[in-house]
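Below, in structure tokens: the form predicted alone, a single chain.
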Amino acid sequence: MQQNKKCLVTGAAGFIGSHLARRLLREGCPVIGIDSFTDYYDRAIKEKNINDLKHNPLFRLITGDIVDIENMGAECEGVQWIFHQAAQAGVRASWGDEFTHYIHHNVLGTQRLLEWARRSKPERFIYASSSSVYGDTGKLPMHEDDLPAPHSPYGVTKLAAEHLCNLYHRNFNLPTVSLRYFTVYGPGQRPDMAFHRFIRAINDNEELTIYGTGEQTRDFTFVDDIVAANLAAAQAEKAEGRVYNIGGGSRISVNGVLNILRGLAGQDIKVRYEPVQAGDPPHTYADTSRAARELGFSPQSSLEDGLGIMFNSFK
């Protein structure tokens, strides 16, 4: 790890952004964090994510929308690594009128940040993409060279921003790298995400809701592995202009996850099955051979260990 790189982390108060900022600070890197604190979920959760960061003299938080990055002052100048984690999240919420917010934050926000970066000339620009760009391909595992076919408006915006990163690399030599995250979980996970909902329901002795039969599968990735992939992408010589799958190697059905949670809870779990939600692909599974070969990345956390850490964090 190269010490003292000045870093910009967008979405710094979010789930992944706060974990990433915390790791960078531990490595001795000054971090400028930007977050607009959108109302997608309770702001108090985001404030809690960065309570400890605010007391670190190497951390500076800017509250604002990255669309306005040009007006955020001299503090952002001179950053060497940009980690673009900010986004309007949520597959199921991206339909209808809400799509306007996804265009603003995910597409326009990324374009404005890229324009600013083109002039500020960072050493590396890491973009947090998503496995949602693949959609329901019918081909497993998913490889970076597969034709993307998003299954939701959210996936469309993540792919559009990924294309923008590629365009700025090709036209202006901006050193962008796109990381396609596969279903990230861990302590501090957003309250709308499955594992958070499941563990909360278990602790409250309430019924869990599963959308679909529970036989849909996901490649679950622990947040510490996502952070490690970002640091690897910032330093790997061959990464510029490339796209990488970042998966946890823990592909399992949702029903399989419930069995692990039953063991952790030491009790049975009440489950209600509801119809599949629009935009949810039946399966995801990452081919991570490119990331292993070019980034030196391999996931270190098993699903059982990661779920145990997340389960205990609720206590």
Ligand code: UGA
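Predicted, not measured: the structure shown is a model, and the values here were computed from it. From 1 onward, residues are counted along the sequence shown.
Not pictured, yet referred to below: the form predicted together with the named molecule.
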Which among 177-185, 74-82, 163-171, 114-122 is in contact with the named molecule in the predicted complex, heavy atoms within 4.5 angstroms? 177-185
Which one, L61, L261, L58, V254, lies within 4.5 Å of the named molecule in the predicted complex by heavy atoms? V254
One residue of R242, R197, H143, H151 in contact with the named molecule, assessed in the predicted complex (non-hydrogen atom, 4.5 angstroms): R197
Closest heavy atom of E206 to the named molecule in the predicted complex, within 4.5 Å or not? no
Mark Y211 yes when one of its heavy atoms lies within 4.5 Å of a heavy atom of the named molecule in the predicted complex, and no otherwise. yes
Just checking whether S131 would be counted as a contact of the named molecule in the predicted complex - the rule being heavy atoms within 4.5 angstroms. yes
Flag A89 as yes or no: does it have a non-hydrogen atom within 4.5 angstroms of any non-hydrogen atom of the named molecule in the predicted complex? yes
Any residue of 5-42 with a heavy atom within 4.5 Å of the named molecule in the predicted complex counts; write them all down in order. none
